[in-house]
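So this first bit is one chain, no partners, the form predicted alone, shown in structure tokens.
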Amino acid sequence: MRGGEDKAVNKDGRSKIRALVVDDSMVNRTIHHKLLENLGIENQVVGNGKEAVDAHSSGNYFDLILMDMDMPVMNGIEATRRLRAMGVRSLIAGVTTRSLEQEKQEFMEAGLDDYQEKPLTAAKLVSIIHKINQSSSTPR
């Protein structure tokens, strides 16, 4: 649905990656925001899944969404389902402390492209970003 948006461009002419951090923990939002910022990735933070859905509904586009699973108002599983139902094709990475296989499976089935256990590190983030770069060089 949202494929033809104008993307910000770096000085060297490459598209700049935009990310959305979705987490109810102020500490995690701050850490994820700083990790992204240190990699030169423009990012916005919200505190729950409903705010993530609202951000997309208002016309914002993100290449990457870092989605927590357990949040008030709307959890990450429901938010991921709704974003996919809206036609959002951003890479959505679930980032959570949950490690039970059944919970992970339910989150993946909601429409995740990637799953990482907290704490999110620069190395984990780089591996997620590598997937974005691979998918942008592959015709859809």
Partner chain sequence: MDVISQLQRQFIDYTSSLYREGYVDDQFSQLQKLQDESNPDFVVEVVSLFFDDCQKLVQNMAQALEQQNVDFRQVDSHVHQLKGSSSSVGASRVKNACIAFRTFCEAQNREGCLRCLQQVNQEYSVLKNKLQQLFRLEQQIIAAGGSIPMVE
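Residue numbers count along the first chain shown, from 1. Because the structure is a prediction, the values reported are computed rather than measured.
Not pictured, yet referred to below: the form predicted in complex with its partner chain.
Relative to its partner chain in the model of the complex, residues V46, N75 and Q116 are all farther than 4.5 Å at every heavy atom. Exactly one of the stretches 105-113, 34-42, 79-87, 47-55 approaches its partner chain in the model of the complex with heavy atoms within 4.5 Å, and it is 34-42. In the model of the complex, its partner chain sits within 4.5 Å of a heavy atom belonging to L120. Contact annotation: N60 falls outside 4.5 Å of its partner chain in the model of the complex, judged by heavy atom distances. Residue contact check for S127: none of its heavy atoms lie within 4.5 Å of its partner chain in the model of the complex. With contact defined as any non-hydrogen atom lying within 4.5 angstroms of its partner chain in the model of the complex, the contacting residues in 24-48 are D24, S25, M26, V27, N28, T30, I31, K34, L35, N38, given in sequence order.
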